[in-house]
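Just the one chain here, the form predicted on its own, laid out as structure tokens.
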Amino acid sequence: MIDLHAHSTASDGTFSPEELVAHAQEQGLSAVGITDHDTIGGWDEAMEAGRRLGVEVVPGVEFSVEDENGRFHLLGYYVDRQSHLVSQLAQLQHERAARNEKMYARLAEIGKPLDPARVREIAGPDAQIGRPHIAQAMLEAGHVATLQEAFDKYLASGGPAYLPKKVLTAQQVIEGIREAGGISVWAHPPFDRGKRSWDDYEAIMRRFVELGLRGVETYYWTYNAEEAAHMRAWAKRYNLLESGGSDFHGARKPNQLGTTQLGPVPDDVLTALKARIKVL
């Protein structure tokens, strides 16, 4: 079995890339995807660990995107690290560092000051600092009783310390992944069915396919049977690759690497993904 969706300390996971691969080996996985948010910073360490431990590492990135349809996540596998798309990630990281400084200032203004150096220690020397790291620092400083309170009261959209992060559009990312020689996959469509119908989601799916989308996560740690069935039906209808995984973040999410609520991801998913790369 495999897991094509996992995060390390290069973004907001709690396992280093090497630890993530070692954990994959312990769980009996033959392959693991390292798909950190908007960075390829963990690739080299993970691949070196994979060679040493006998675990295939699938290089990926999870992109946050936003357009007229809303905010979504798209995965890019096997993108060329020298591509224009990857160079855009460096600019996004620079802009998000400036965003963090403004968030610290807002927290100080409302009597919740943080030490940026401590936030960096929590995140790790090479990781992108994000709201989970700021929330952890708030908890340590006694500003909140739980991590969830940090988000609910201060860091979530509409909160006094919240600032939106700059993201690319779905078109920019899907086209960029294609130009970088990779495979684009729609990650865990956000099933807020109180706001959108299945037809609404399928309309977004068709739009992504028109832009060049190649796959969709048909396996995901929170999918119920109905959601998984819709994903698989869409994959078949639009000739999309199936993909998926646990969205493992270590201690930050209560799930297990290599598992979903409906069972593990079979290794033939990766076989089909690599076959599509050869065709492209």
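Every value quoted in this text rests on a predicted model; they were computed, and no experiment measured them. For every residue, the number given is its place in the sequence shown, counted from 1.
Although it is not shown, the form predicted together with a small molecule is what the next lines describe.
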*Counting non-hydrogen atoms within 4.5 angstroms of the small molecule in the predicted bound form, say which of Tyr104, Phe151, Tyr201, Phe72 makes the cut.*
Phe151
_Contact residue in the predicted bound form, chosen from Arg120, Arg96, Arg207, Arg196 - any heavy atom within 4.5 Å of the small molecule_ = Arg96
*Given that the partner is absent here, does Ala156 sit within 4.5 Å of the small molecule in the predicted bound form, heavy atoms only?*
yes
*Examine Arg178 and determine whether its closest non-hydrogen atom to the small molecule in the predicted bound form is within 4.5 angstroms.*
no
_Lys165, heavy atom within 4.5 angstroms of the small molecule in the predicted bound form_ = yes
*Quick one: is Gly124 in contact with the small molecule in the predicted bound form, heavy atoms, 4.5 Å cut-off?*
no
*Please determine, with the chain shown alone, which of 170 to 178, 111 to 119, 81 to 89, 130 to 138 has non-hydrogen atoms within 4.5 Å of the small molecule in the predicted bound form.*
130 to 138
